[in-house]
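Presented below, as structure tokens, is a lone chain in the form predicted on its own.
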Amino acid sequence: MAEKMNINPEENTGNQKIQAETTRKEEKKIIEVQNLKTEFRMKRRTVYAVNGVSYYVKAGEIVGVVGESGCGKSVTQMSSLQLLLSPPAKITEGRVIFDGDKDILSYDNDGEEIRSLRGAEIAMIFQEPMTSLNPVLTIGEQIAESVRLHMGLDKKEARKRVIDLLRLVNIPDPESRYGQYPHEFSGGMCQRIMIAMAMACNPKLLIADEATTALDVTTQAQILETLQDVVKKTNTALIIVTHNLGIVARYADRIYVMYAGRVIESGRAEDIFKNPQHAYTIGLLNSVPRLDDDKTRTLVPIEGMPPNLQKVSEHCPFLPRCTQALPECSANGVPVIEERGCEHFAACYNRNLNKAVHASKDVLETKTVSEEHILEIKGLHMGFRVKGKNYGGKTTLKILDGVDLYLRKGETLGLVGESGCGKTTVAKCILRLYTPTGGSILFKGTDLTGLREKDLRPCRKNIQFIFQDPFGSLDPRQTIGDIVGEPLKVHKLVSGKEAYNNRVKELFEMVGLDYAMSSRAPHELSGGQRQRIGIARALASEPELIICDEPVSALDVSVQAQILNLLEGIQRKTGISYLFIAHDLSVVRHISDRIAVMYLGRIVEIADCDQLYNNPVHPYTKALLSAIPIPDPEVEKARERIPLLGEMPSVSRRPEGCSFHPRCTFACDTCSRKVPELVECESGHLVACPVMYK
């Protein structure tokens, strides 16, 4: 038989052995968590944060863990590495088997075994790099410390290893940047340094805990692609903890969906998105604004709040919020996770769910947008005087370099771009928190740049601000009722206590909050509730323009959907105008009528929403759009990713000519000599790129 098939028996046996070893290697579970339970035991209460979680990750596999804030994603990962402070945290049950034979939970929390495991074989990338990096040590020293401790390299070898790692994560000029401190790097570069530190000792498992949440979409894409590349090159396993469904659709092989400290669904990424088997998973998908979705569709948030984890649920924990519940959901106990298909598991009694993702056909009412301009910005310049050896003595840094915008009554104008491009500076100039160094800002025909401080108060009554961080913008010493009512007193909008209370109650109802909560302090509210208070406060003075500066970037997808629907509903009732600043173009597309794209203090493209998304012209706009992940693995596989070269330059070293040309793959000699002007390429569509539009 062997001769007939012209196969050497010994050679065939060797091939079989190699194939078997390869199969075993692919199927080897790097980490397997079994029935993990973690409690936080305080004096008066116990929080059951993780309640029987089981999952595994294989070598070379990327696994996503998704769910709303408070569902137990991060606590599960911290528990598996014994990183939680005890007390109050207590792991009451479970096993965490690493690399086939090591039970991490059996190790002493301060012992040599667990310390040698962390950093060397398992590494974690945390959400906020600036709080994870030591500000008094150079980044080279911080990475080298781990290399020398776990790998036993000498100082020279450690330096070479660190430089190679910095080059791996695309840090430019790693030899010279080895000796720089964390504050000398951008947020995206600091996160890449954290990745280099995590990869320093060639770990078998990487855990990225919301590692890209607060980053620009371009930086986020660069970091995740770096991680994906590392996984391919080294066969490292990667766990991505996130609430961004687009990220796991683009990068994950398998997904675990968590709710109330439990895994309620798991499976291959394609199956989870194409055929979700739990009502909560469907709810998450319905809450997400998609880049390829119909922008007129109403988002469908998950109503209600996640359960209180101080009490172990006797039924399905999602039951109070579920719109597809059956009688047995309340009659029976907590559903057991069961197989629903090949490698697809779910804990749900309803096997006939309405699985149509984005099933809502509710279309938003047509709103009226006037042709009258409520805001006109002409040739806006903003510079800051600085001094120091890094700037060559005293100089003026140009943050805004000739910005032209207009906003109509009842319209939403989206302003997008990477961090540092000047979006928030534009907003602060409109409010005159900054005094512009040139240009004009006309609000209803009045030039705000020429007004004295006392003359600005009536204008500020009509221009309000919604901040990115709702907790940081609310006075912790006031009740939320006093916070909402403060503008009424400042601008003397009501007379008498009864009129004041009625107006505050009306504002609470307008943003969907119970007036009975008015005596609470800000720390007693959830993130979504705090953001609603910020909106109510902004509405109190009955403004005609609200500037929304990243109002939903830190919120869960369901809460984000609620806030977006709320803003749109208020606009349709009151005819208010929004300047909506964000870096998530999916969100901007959903809410905006027109969109302006900003780069290094200049507008590079502006158009109606559909024009910009269907026919982007500027290379920077194309790169931004391609960086936005769509929560659909099949769509993601077919999309072309347009990479950006390098980092956005500092305004202190602004390139000559077109500011984008050092990162542009289409740049020519003219681009480095002449600043391009905004030119209309079609009706209402302006672009500052003569190369792409001729």
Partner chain sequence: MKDKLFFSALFAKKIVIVCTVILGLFVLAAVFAPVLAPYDPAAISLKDKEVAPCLAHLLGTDSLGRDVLSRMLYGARISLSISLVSVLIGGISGMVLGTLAGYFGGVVDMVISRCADALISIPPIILTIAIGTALGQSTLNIMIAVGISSIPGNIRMMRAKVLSVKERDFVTAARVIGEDNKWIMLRHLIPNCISPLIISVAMSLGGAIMAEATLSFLGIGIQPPNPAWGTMVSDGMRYLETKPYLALIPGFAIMIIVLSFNIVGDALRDALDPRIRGNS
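On a predicted model such as this, the values are computed, not experimentally measured, just so you know. Numbering follows the first chain given and starts at 1. In this text, the rigid core denotes the largest set of C-alpha atoms whose superposition between the two forms falls within 1.5 Å.
Just so it is clear, the following notes concern the form predicted together with its partner chain, a form of the same protein that is not shown.
Handout entry: Selected contact from 336, 499, 433, 516, since only one has a non-hydrogen atom within 4.5 angstroms of its partner chain in the predicted complex
Key = None of the other options qualify; the answer is 433.
Practice task
Go through 450, 304, 152, 472 and name the one with a heavy atom inside 4.5 Å of its partner chain in the predicted complex.
Solution key: Checked against the cut-off, the match is 472.
Exercise for the section: Could you tell me which of 406-414, 619-627, 593-601, 459-467 sits within 4.5 Å of its partner chain in the predicted complex, going by non-hydrogen atoms? Expected result: Of the options given, it is 459-467.
Exercise for the section: May I ask you to check whether residue 478 falls inside a 4.5 Å heavy atom distance of its partner chain in the predicted complex? Expected result: Although its partner chain is absent here, residue 478 would touch it in the predicted complex, with heavy atoms inside 4.5 Å.
Practice task
Consider residue 491 of the chain shown here, and say whether it contacts its partner chain in the predicted complex, taking contact as heavy atoms within 4.5 Å.
Solution key: Close contact exists here: in the predicted complex, residue 491 approaches its partner chain to within 4.5 Å, heavy atoms only.
Exercise for the section: Although its partner chain is absent from this view, report whether residue 641 comes within 4.5 Å of it in the predicted complex, heavy atoms only. Expected result: Residue 641: no contact with its partner chain in the predicted complex.
Exercise for the section: Give a yes or no for residue 637: in the predicted complex, does one of its heavy atoms lie within 4.5 Å of a heavy atom belonging to its partner chain? Expected result: Output for residue 637 is no: heavy atoms all beyond 4.5 Å of its partner chain.
Problem - Candidate site 45, 486 and 537: all three near its partner chain in the predicted complex by heavy atom within 4.5 Å - result: Every listed residue reaches its partner chain in the predicted complex, so yes.
Problem - Stretch 502-526: residues contacting its partner chain in the predicted complex, 4.5 Å heavy atom cut-off - result: Contacting residue: only 523.
Problem - Core fit, then residue 85 C-alpha moves 2 Å or more between this form and the one not shown - result: Yes, because once the rigid core is superposed, the C-alpha of residue 85 moves 2 Å or more between this form and the one not shown.
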